[in-house]
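Next up: a single chain in structure tokens, the form predicted on its own.
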């Protein structure tokens, strides 16, 4: 009877305890807003391991880690544990975490060569999957140094060398590996692929060298053609001796400019996107720039044949349709005047539109700047060109 009363007392106590939940909330209970976050702190329910294990935030996980990495165990046991932990991360494709585990295992210096070889080889694999080819190759080489016949280290080394386009080294790795594993299918396949890529690389290098030689020959021929025509590329201005302005000095300057002709004087691609070239008939085709200072406008001709006259292009540019910026409709071919500037002497030279380009380029005071001859276009009979030329010398060709 007493036991029955005790049972009733126990039941009454439980009812009383359960009744508390109706009026008081459990202080550590999950809520609708945080239950997923709280569950994720429990090792059994974790979807992803944290980057750093904070004992205050993850007490259960910290406890498990302490058990796994118990310092009472031998360095070899700890290194193996870290290797297994790294392998688990590797399977999850968490390669960064796997590398941390393998590195921690190597730092234990357990003295077991087999364990160290596996740790290095596995870390090389993790680096390989992250694209850290040089680090992966270093680890594979370190593993091979411990065990020269380790197949996985050899294969990983070949793959890294191939990814780094070190095909000769890849073949050497294969040859060394095939001494110990002469029938290994993977090594044989990798060697064949590395040899094929090596030959392709050598072929591409030969083609690139031949192309470079051809381009150099074309540039030399181009410079020779320019020099033969007496065309001068703008060279750095040298201080005049004695301030002389004689015809003799001008001739000497022109001769020096021709003798110093170099490819640097043709570097016009940054300015216009085009460069002088020699066509199939041997004629030079120049990129030419027309400047309209009155309207701050320009026109660009990418290939102006040296034998063509200026009027040929002006007739096209200012033919039936005049440019929209010419609001006064005064830029007609017969109404235009051309000049080129000698910046050194602050002089403008008048150019007859009926003159071929070559004749102008051969003028003793014309220097091609940045590989692109440029000319100023003004309108006859308007005050602007008179103002523009004020204070400057104007000469005819």
Partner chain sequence: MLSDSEAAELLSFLTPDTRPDVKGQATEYILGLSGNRDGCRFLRTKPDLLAALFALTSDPSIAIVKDCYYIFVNLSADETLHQVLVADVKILPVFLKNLEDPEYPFSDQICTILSNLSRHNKTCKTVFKVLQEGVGLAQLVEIFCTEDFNKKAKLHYLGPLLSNLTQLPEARNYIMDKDRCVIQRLLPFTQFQASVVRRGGVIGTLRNCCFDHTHHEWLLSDAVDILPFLLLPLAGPEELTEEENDGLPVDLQYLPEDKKREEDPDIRKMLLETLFLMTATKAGRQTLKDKNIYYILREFHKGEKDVHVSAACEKLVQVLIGDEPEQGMENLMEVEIPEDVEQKLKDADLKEQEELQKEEERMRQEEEEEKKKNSEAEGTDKKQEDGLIR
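Numbering follows the first chain given and starts at 1. Values in this document were obtained by computation on a predicted structure and should not be read as measured data.
Just so you know, the form predicted in complex with the partner chain exists too; it's not on screen, but the next bit is about it.
Exercise for review: Look at the stretches 120-128, 151-159, 177-185, 221-229 and give the one with heavy atoms within 4.5 Å of the partner chain in the model of the complex.
Suggested key: Flagged stretch: 177-185.
**Study point:** Partner proximity in the model of the complex: residue 207 to the partner chain, non-hydrogen atom cutoff 4.5 Å
**Key:** Residue 207: yes, in contact with the partner chain in the model of the complex.
Practice item. Please check if residue 97 has a heavy atom lying within 4.5 Å of any heavy atom of the partner chain in the model of the complex. Key: Output for residue 97 is no: heavy atoms all beyond 4.5 Å of the partner chain.
Practice item. May I ask you to check whether residue 73 falls inside a 4.5 Å heavy atom distance of the partner chain in the model of the complex? Key: Result no; residue 73 lies far from the partner chain in the model of the complex.
Review point. Residue 93: heavy atom within 4.5 Å of the partner chain in the model of the complex?
Key: It does not: once the partner chain is placed as it appears in the model of the complex, residue 93 has no heavy atom within 4.5 Å of it.
Check your understanding: Is every one of 332, 345 and 376 within 4.5 Å of the partner chain in the model of the complex, counting heavy atoms?
Key -> No, none of the three is in contact.
Exercise for review: May I ask you to choose, among 108, 144, 191, 313, the residue with a heavy atom within 4.5 Å of the partner chain in the model of the complex?
Suggested key: Contact residue from the list: 191.
Check your understanding: Only one of 200, 163, 317, 303 has a non-hydrogen atom within 4.5 angstroms of the partner chain in the model of the complex; which is it?
Key -> In short, 200.
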